[in-house]
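The chain below stands alone and is given in structure tokens; this is the form predicted on its own.
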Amino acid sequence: MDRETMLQEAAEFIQERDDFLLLTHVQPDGDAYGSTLGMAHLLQTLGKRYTIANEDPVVDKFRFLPMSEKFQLSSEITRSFSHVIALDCGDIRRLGESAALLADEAEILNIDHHKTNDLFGRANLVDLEAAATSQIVFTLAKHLELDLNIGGAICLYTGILTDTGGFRYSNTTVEVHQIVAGLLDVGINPFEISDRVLESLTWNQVQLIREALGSLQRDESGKVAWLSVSRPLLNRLGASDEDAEGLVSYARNVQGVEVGILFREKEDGSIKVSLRSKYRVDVGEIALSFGGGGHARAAGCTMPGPAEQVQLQVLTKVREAIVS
């Protein structure tokens, strides 16, 4: 289905319904927050009622986003919803506990840009060429002929900024720059947003970076690098899972490395695997083979421990991809 047809179906889904539940994936990132709150601003402009839920509380780094206080914990909501907009979710499992809020016959508008998206919605606005789901929400706003207010512009800019790595990743296209120019015209302060979400570090993060880099390794080819973060390390430093975000870049950014990997132990003993590649390896396919997903250059999955076994399995698959 072409983009214009999908945009029209998404527009009709919103215009013909009310009382929406807005959901994004568990442990939201910048694009998840940005696209969800950007959509909330659109619905507010249209005079639509909405509820925003997630199983995880909003992390401190993104509390500056306008209307972030409207996020509710899904465990505290006692009703179900028939009209749902899912943003930045490759499949319905990524909704986590929030999926329990869907009524039996719930209709879903699925807005996403992941290549692993399985088109789980009644209507699907899935653009695999988009750098971020926030980019798609911007395009939908234009299709609906809605003017963005500064709050919505801040949210969508944040989503695009984070999913393009500060406009450094290969998904930064001409269209991305054109959309960002439109967001700047609304009057946002790009420096302030970049400083908050890309530059600022908590002291716990600094301590974690210092210790995690001690685990950084390369394989014999020099094309694969990885580091590990154990649960005891996080607990000892008083660091959170959020503090570990971004560590994978230290592995990927080593000169000569094609794939960087972060292995992070979760509270239940499972291992969160974050994969990043530079030019050639499709880490989305690797993550998909382990039950995860993502993009060609950035993806992830969660695997049952122990950590040593997970590392062996993932490194084997990555090396196979590099030599193939």
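Don't overthink the numbering: it's just position in the shown sequence, from 1. Computed from a predicted structure; not experimentally measured.
Not on display, but discussed next: the form predicted together with a small molecule.
**Student:** Hey, in the model of the complex, is residue 301 touching the small molecule, heavy atoms inside 4.5 Å?
**Tutor:** Close contact exists here: in the model of the complex, residue 301 approaches the small molecule to within 4.5 Å, heavy atoms only.
**Student:** Using a 4.5 angstroms cut-off on non-hydrogen atoms, would residue 272 count as touching the small molecule in the model of the complex?
**Tutor:** Yes - in the model of the complex, heavy atoms of residue 272 and the small molecule come within 4.5 Å of each other.
**Student:** Test of understanding: in the model of the complex, would residue 30 fall inside 4.5 Å of the small molecule by heavy atoms?
**Tutor:** Residue 30: no, not in contact with the small molecule in the model of the complex.
**Student:** Against the small molecule in the model of the complex, would residue 114 count as a contact residue? Criterion: heavy atoms within 4.5 Å.
**Tutor:** It does: once the small molecule is placed as it appears in the model of the complex, residue 114 has a heavy atom within 4.5 Å of it.
**Student:** Okay, which stretch from 39-47, 286-294, 52-60, 253-261 lines the small molecule in the model of the complex, with non-hydrogen atoms inside 4.5 Å?
**Tutor:** Of the options given, it is 286-294.
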